[in-house]
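Here you get one chain, nothing else, as structure tokens; it is the form predicted alone.
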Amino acid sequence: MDPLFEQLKKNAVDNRQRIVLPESLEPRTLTAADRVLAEEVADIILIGNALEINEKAVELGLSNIGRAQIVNPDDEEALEPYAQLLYELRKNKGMTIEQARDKVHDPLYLGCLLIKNGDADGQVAGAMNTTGNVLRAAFQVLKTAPGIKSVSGAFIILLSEDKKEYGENGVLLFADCAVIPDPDAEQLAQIAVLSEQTARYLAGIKEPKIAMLSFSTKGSASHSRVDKVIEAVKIAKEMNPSLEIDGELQADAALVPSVGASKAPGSHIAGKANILVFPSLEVGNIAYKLVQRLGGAQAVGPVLQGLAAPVNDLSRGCNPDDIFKTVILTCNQAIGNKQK
């Protein structure tokens, strides 16, 4: 495993968290859960029928699932306190107690309610659910962190050995690649601020340097989309004056020292960026997948930024190792939240 994840894993082992995996019969998820339990990375909470889960574990040849806590979403008596909690959270939005009792059977909602009630520390889902479903439950139950209006998704990019000159020793953070289709200037600024925290506490980037990307570098093109990025830089600096941030920058100017010196002379970020904030979701999503598939990089995430408690989404094309690493990231987010 990459040295970054070895360190994150050690922190998780030393500060054991309780992580909900609501997709309890999904083979990749159950395989990852077995590894998490075997290596004592976290305490696992599975949502489902205990008999079915144990039968699936036997079928898959897994020997550690018996150490997981199992919450039955069909146990009406046990779920009633969570139904009452959901009703209190959503009654101002028109939810009735009957609707809450129905909704609490949904494992994605029940997992978030366990977190809200203090019975769990984080959740990982998405191997068989859409991002929209994972996020909807998190938004409605956990909401955003204080002062944050938007949730975004960041990927930790681990470059191959021959690309270590980019980022911080080959580690970069890409955002937003998962959530907001067309962020406005304020949302871009919040993405930048949250990405700085993610880079520092999860990606091991000691000196976060943020490039706000565009198709223009320092006025080389004029367009309302360029103006949005320039405004976002201004807002981000107001939100956190200590941020190391600059923009608008093209990707080559952000990453390559010689190009940065030519296109943006005097910039303290150009050629040195390790956090890339993309101007739209389509750009960010396309970019990380190209880097992953054509560039041979590892793309870990998305890490969801801005929620009041950690809930992370998986790609439906994920493998057990992806899930294992996302559990590690979620543990570290929960640990970081408790240390703030």
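Counting begins at 1, following the sequence as shown. Since we're looking at a predicted model, the values are computed, not measured.
The discussion below concerns the form predicted in complex with a small molecule, not included here.
> Of the options G118, G132, P241, G147, which one has a non-hydrogen atom that comes within 4.5 Å of the small molecule in the model of the complex?
Replying inline: Of the listed residues, the single hit is G132.
> Pick from Q84, Q140, S262, Q197: which has a non-hydrogen atom within 4.5 Å of the small molecule in the model of the complex?
Replying inline: None of the others qualify; the residue that does is Q140.
>> Check for me: heavy atom within 4.5 Å of the small molecule in the model of the complex, for each of R35, G170 and G296, yes or no.
In response: No.
> If we take heavy atoms and a 4.5 Å cut-off, which stretch out of 248 to 256, 158 to 166, 178 to 186, 233 to 241 is in contact with the small molecule in the model of the complex?
Replying inline: That would be 178 to 186.
> Does any heavy atom of V151 come within 4.5 Å of a heavy atom of the small molecule in the model of the complex?
Replying inline: Within the cut-off, so yes.
> Using 4.5 Å between non-hydrogen atoms, is K93 touching the small molecule in the model of the complex?
Replying inline: Residue-level check for K93: yes, a contact with the small molecule.
>> Considering non-hydrogen atoms and a 4.5 Å limit, does the small molecule approach R136 in the model of the complex?
In response: R136: yes, in contact with the small molecule in the model of the complex.
>> Does any part of T29 reach within 4.5 Å of the small molecule in the model of the complex? Heavy atoms only, please.
In response: Contact check for T29: no, nothing within 4.5 Å of the small molecule in the model of the complex.
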